[in-house]
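One chain follows as structure tokens, the form predicted on its own.
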Amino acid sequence: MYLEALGLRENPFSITSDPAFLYLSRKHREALSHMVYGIRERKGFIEITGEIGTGKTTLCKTLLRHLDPTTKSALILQPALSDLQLLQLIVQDFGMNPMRTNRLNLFNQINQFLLEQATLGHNIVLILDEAQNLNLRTLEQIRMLSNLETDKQKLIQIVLVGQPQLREKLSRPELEQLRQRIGVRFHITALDLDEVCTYIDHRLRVAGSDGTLEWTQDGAEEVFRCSKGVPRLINQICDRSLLACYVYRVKRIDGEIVRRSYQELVAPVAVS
């Protein structure tokens, strides 16, 4: 509702995972580099973790745009399914029809697919977002997928992306075999103050700002203080701040507007 009034073409602080708005902080660039390296070098398992709201899902979608044409990928955003359902979804995401309805046959179907792709010189990557929600049995099943290999190389690279609880889960004795196969690990941390300032400016520019909206330095510092550098919280606070500008009929966001907007976000809802 405030876009035209504030000189914007689209919402700069939507919480949806739109790669077009991705701001690659130093940590995000390092995470992306680790993922691309692990896939190209066929390291088998890659583990990427980060706190809630640090941009992991957006990073997964961005990764797909950095893969070369010979790399075929499947991205599973909500893997908290039964063993059988997950295998069926993997088969579907790789463009096959899961005609068979038991685990053994699905494994054979995936294996045949991987062998066919290997003969074409293709690399295969499976990306599992929110992997901290996978149960131990499903994680063990994922490990078994990594057994599909030739004498010279891994046929599939598996990227496990999740919250810090994923690291805790993978440290359990039952998953020792899987943990030993993780060739690349990286943890994404929150943005620092300079990155928050750049992040706000970046998203305003991508959203087509005509330059009439001013975000002051103390306004950006207040966003950093309230969000602690977590991108999802930054988006929520900034979106509410833009709404406040529209309501107050101003085009200047300072620390006071950000502070009020944050207080509105965290205020408890009164129950009558």
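Owing to the predicted nature of the structure, the values given are computational and were not obtained by experimental measurement. Sequential numbering from 1, following the sequence displayed.
Just so you know, the form predicted in complex with a small molecule exists too; it's not on screen, but the next bit is about it.
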Practice task
Check whether Thr58 has any heavy atom within 4.5 Å of a heavy atom of the small molecule in the model of the complex, and answer yes or no.
Solution key: yes
Handout entry: 4.5 Å heavy atom contact, Asn11 to the small molecule in the model of the complex
Key = no
Exercise for the section: Decide whether Thr54 counts as a contact residue for the small molecule in the model of the complex under a heavy atom distance cut-off of 4.5 Å. Expected result: yes
Problem - Interface membership of Thr16, the small molecule in the model of the complex, 4.5 Å heavy atom rule - result: yes
Practice task
Quick one: find which of 211-219, 237-245, 34-42, 224-232 has residues within 4.5 Å of the small molecule in the model of the complex by heavy atom distance.
Solution key: 224-232
Handout entry: the small molecule in the model of the complex reached by all of His28, Gln163 and Tyr199, non-hydrogen atom within 4.5 Å
Key = yes
Fill in the blank from the handout: Residue within 4.5 Å of the small molecule in the model of the complex by heavy atom, from Asp83, Asp93, Glu130, Glu140, is Glu130
